[in-house]
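A single chain comes next, written as structure tokens; it is the form predicted on its own.
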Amino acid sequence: MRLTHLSIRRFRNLGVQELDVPPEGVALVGENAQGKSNFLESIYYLETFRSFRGARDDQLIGFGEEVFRVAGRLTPPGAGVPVEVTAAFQKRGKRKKVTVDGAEPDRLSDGLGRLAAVVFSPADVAIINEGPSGRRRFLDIVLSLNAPGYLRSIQRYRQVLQQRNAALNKGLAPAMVHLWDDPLARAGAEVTAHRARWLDAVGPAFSDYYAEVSGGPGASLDYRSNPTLPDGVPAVDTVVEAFREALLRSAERERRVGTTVVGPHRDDVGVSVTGDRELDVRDFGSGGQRRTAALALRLVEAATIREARGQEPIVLMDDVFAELDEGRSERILGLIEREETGQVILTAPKDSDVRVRRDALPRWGIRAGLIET
């Protein structure tokens, strides 16, 4: 897919604009705080219907406005039929509306993933630096968009978890709480199995990407499931049984704290540099190592899109070289140029900072949210 037209209405500071996007992509050049990241955010919103920067929908509406709307025309290679995806949010009533070719999907989730885009941003380092919830969120987004059945599994798990936590919070009898154990274990086992399979599959590529960008040793991904499971990819029935046993063992603690303390909502992903000894990047890695690990995660996300959807991802790059040293910058530049990527849409503060497809990308400017094509 290529994004060939973007219509923006009152998204952050971008006002009202109609933009024809070149097939190869574009470099948006402008000073800081003019709206460059907002532009990429508006595009990626059409992929997940949420902000990649973690903002609430009501925070995406332009100042003093009541509604924002973003629409994108996606054109497949060759003579394929274009697809129009729109997303709008109204502050009053907190109503979100999504359409695909003018029709609302039965469920919001049915409209996800039409853009096939991946975002590279300096803010990605938060995936490594912050707590487990950010890494779980990364897993949930990648797998919901690219692993058939995962979104249904995680939604079912969250529904059952909410019911079980309500029973614990109300202090209901243990028998009433344990009624939820089996459905929670089964839904949770499916989530865990999906995560374990993906991390096992992309581990070698992650290590290779990390090594190439760092110019040193590789790195590993370690799935830290809760409950703890054997190494590798366990069978779903094995996970179900381990989950049931863990729920029974934790029953007294859960009664005290009023919430479920085991399950994939407590999982984490460890990232370690390999070499003479393994070094946990989050706890002991340098800033450069953490940024490299975050870049490697985005690169395996792009590779996952390529394999799962059979198309080249649209690459969105938000001043991605800003916090990398010269060596890492040159290596990531070579890697991205070599990888099979589709349309590239990037931002940079100066024309000289445009490094990916330097001579191939048309230049746009931006000032106070107004894009000049």
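Numbers for residues come from their place in the sequence shown, where the first is 1. Nothing here was measured: the structure is a model prediction, and the numbers come from that model.
Another form, the form predicted in complex with a small molecule, is not on view; read the next lines as being about it.
- Put simply, of Ser51, Asn38, Ser329, Thr341 only one has a heavy atom within 4.5 Å of the small molecule in the predicted bound form, and it is Asn38.
- Though the small molecule is absent from this view, in the predicted bound form it lies within 4.5 Å of a heavy atom of just one residue from Ala308, Ile61, Leu324, Leu333, which is Ile61.
- Residue contact check for Asn13: one or more of its heavy atoms lie within 4.5 Å of the small molecule in the predicted bound form.
- Although the partner is absent from this view, Ser42 stays clear of the small molecule in the predicted bound form, with no non-hydrogen atom inside 4.5 angstroms.
- A residue is said to contact a partner when one of its heavy atoms sits within 4.5 Å of a partner heavy atom; Thr304 fails this definition for the small molecule in the predicted bound form, lying far away.
- In the predicted bound form, the small molecule sits beyond 4.5 Å of every heavy atom of Glu66.
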